[in-house]
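Shown here is one chain on its own, the form predicted alone, set out as structure tokens.
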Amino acid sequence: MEPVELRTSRLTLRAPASADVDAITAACQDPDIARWTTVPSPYSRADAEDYVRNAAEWWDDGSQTVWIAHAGAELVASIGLHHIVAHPTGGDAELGYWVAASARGRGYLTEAARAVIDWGFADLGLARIRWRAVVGNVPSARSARALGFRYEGLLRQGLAGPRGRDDGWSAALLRTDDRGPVDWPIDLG
């Protein structure tokens, strides 16, 4: 599949490119990104180069769609639909993201995620989009809840990453769900 560019009122989302390597490398030095995601830690320029190369391959084979979100010239986030599975009754995928420390608290993630979710349901024909996060990643959970994801449960030692196994929260959004914020049965402060 060819990479798709998405636009919102403040953001441009496009496939990662070589020109993004330095900004990706800088963003992934943030200890919170290392703590809550599966990016390598420490994160090197070579890791960012691999990410850009892998993203092109994922777009090509249709297994994942990854975007870098920019507000003007500033790289603010990486977001994607991962583990895409097609099915005659509608496919599914997992929403994943990280936000650069300098861009947090400005609503960029929710804006970018809405565009990606809309595209996934409309253009990929997805029926369901999953979300998972390490237990304790409250900012990610708040974003997922604000996007309308329904909490589905605790995955005991269900998330494996470069630093080992963690308990995880799981939620999902169906194409037919109301996309308004929903309550979750866990304390998100």
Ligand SMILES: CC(C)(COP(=O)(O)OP(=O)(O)OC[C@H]1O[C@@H](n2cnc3c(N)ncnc32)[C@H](O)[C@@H]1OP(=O)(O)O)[C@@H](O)C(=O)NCCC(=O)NCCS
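Since this is a predicted model, take the numbers as computed values, not measurements. Start at 1 and count along the sequence shown; that's the residue number.
Although not depicted, the form predicted in complex with this ligand is the subject of the following passage.
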Going by a heavy atom distance of 4.5 Å, is W36 a contact of this ligand in the model of the complex? yes
How about A133: is it within 4.5 Å of this ligand in the model of the complex, going by heavy atoms? yes
So in the model of the complex, does P139 come within 4.5 Å of this ligand, heavy atom to heavy atom? yes
Can any non-hydrogen atom of Y97 be found within 4.5 angstroms of this ligand in the model of the complex? yes
Looking at heavy atoms inside 4.5 Å, which stretch does this ligand contact in the model of the complex, given the options 67 to 75, 100 to 108, 115 to 123, 84 to 92? 100 to 108
Report the residue, out of A26, L155, V52, A146, that has at least one non-hydrogen atom within 4.5 angstroms of this ligand in the model of the complex. A146
